[in-house]
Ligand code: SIN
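To begin, one chain is listed below as structure tokens, in the form predicted alone.
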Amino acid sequence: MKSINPSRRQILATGATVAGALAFPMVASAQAPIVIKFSHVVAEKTPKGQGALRFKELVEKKFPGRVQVQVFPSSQLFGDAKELEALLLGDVHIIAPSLSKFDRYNKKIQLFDLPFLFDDMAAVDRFQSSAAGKSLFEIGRGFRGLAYWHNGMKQMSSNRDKLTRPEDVKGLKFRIQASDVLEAQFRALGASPQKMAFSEVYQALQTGVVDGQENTWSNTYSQKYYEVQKTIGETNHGVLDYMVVTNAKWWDGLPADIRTGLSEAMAEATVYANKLAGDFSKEDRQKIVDAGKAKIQTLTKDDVAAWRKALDPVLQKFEGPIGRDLIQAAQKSNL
């Protein structure tokens, strides 16, 4: 199948109608189709949302009348707090949570929250496609990973005028995801980490409940954090990605040819979604620049060295549960 790469403008214009255009045709069959419920928490117009719709399209073309993929975006079925449990209970079949959500199930996946482990998204790609990266798909607890989907590298923002050195965040309150590694990261910097739901961050920044946050260019733009922050430090200090996961027992119970076809469709949808993520990241960074509100500050080599030195104790602290070999494999992905 020839790959199709629409522009972002086309995606935004048609996102609301794509699901209807891809609706499963009515096919007369003696046997009911296999129904796959794919649930996620973001909008259809995002790279993740578009990746899910591409997966649906590819699967239904491979297995007309045999497989139906139902996509539920924007927490229509389950939110962040419930989707993992719903997957284990069989209420949904595929989800795509942030990698940080898995630390309570498999400590090795905490690797992706470590600061300054990857130099850029190309290094992330190299690691995730390696044997070491794919080994993390075996999460345990009834989960099985199918693919890594990108969001991008994280930047820090704050309500202060400067954000290029570790001392610039000392004493500030930073919103974080629920992650032991991210909590340790900000404590090592002398900041106060505040665990908070994604939906609450804008108001918390606006009212001063927290002073700053870390996120990708895409999230910082789409959630309008740049409107309520003075400075964004282009730290590229971590990665924010997702793992597409399924219920291992359900997956193993599928016919072999269906599993093969789903894996092929997922691989193609992953390439598509990850390209969109890279495109969105570049475009959204420029939109923040053009808005002229938050000032973007770039880091020198000396600045980055200072951050790495300040945060090296975090890598040492989590070396035990994650594994030195896995950390070294990730570091080798940097060229």
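Rigid core (definition): largest C-alpha set, two forms, superposition within 1.5 Å. The model shown is predicted, which means the values in this text are computed figures rather than measured ones. Note that residue numbering begins at 1 and tracks the sequence as displayed.
Not pictured, yet referred to below: the form predicted in complex with the ligand.
For the candidate spot formed by 177, 215 and 219, every residue has a non-hydrogen atom within 4.5 angstroms of the ligand in the predicted complex. Just one listed stretch, out of 235-243, 139-147, 258-266, 104-112, contacts the ligand in the predicted complex at the 4.5 Å heavy atom level, and that stretch is 235-243. Heavy atoms of residue 151 reach within 4.5 Å of the ligand in the predicted complex, making it an interface residue. The ligand is not shown here, and in the predicted complex it never comes within 4.5 Å of any heavy atom of residue 294. Under a 4.5 angstroms non-hydrogen atom cutoff, the ligand in the predicted complex has residue 80 among its neighbouring residues. The ligand in the predicted complex is approached by residue 42, whose closest heavy atom lies within 4.5 angstroms of it. Along 304-327, no residue reaches a heavy atom to within 4.5 Å of the ligand in the predicted complex. Core-superposed comparison between this form and the one not shown: CA of residue 43 displaced by 2 Å or more.
Comparing the forms between this form and the one not shown, the C-alpha position of residue 83 differs by 2 angstroms or more, with the core used for superposition.
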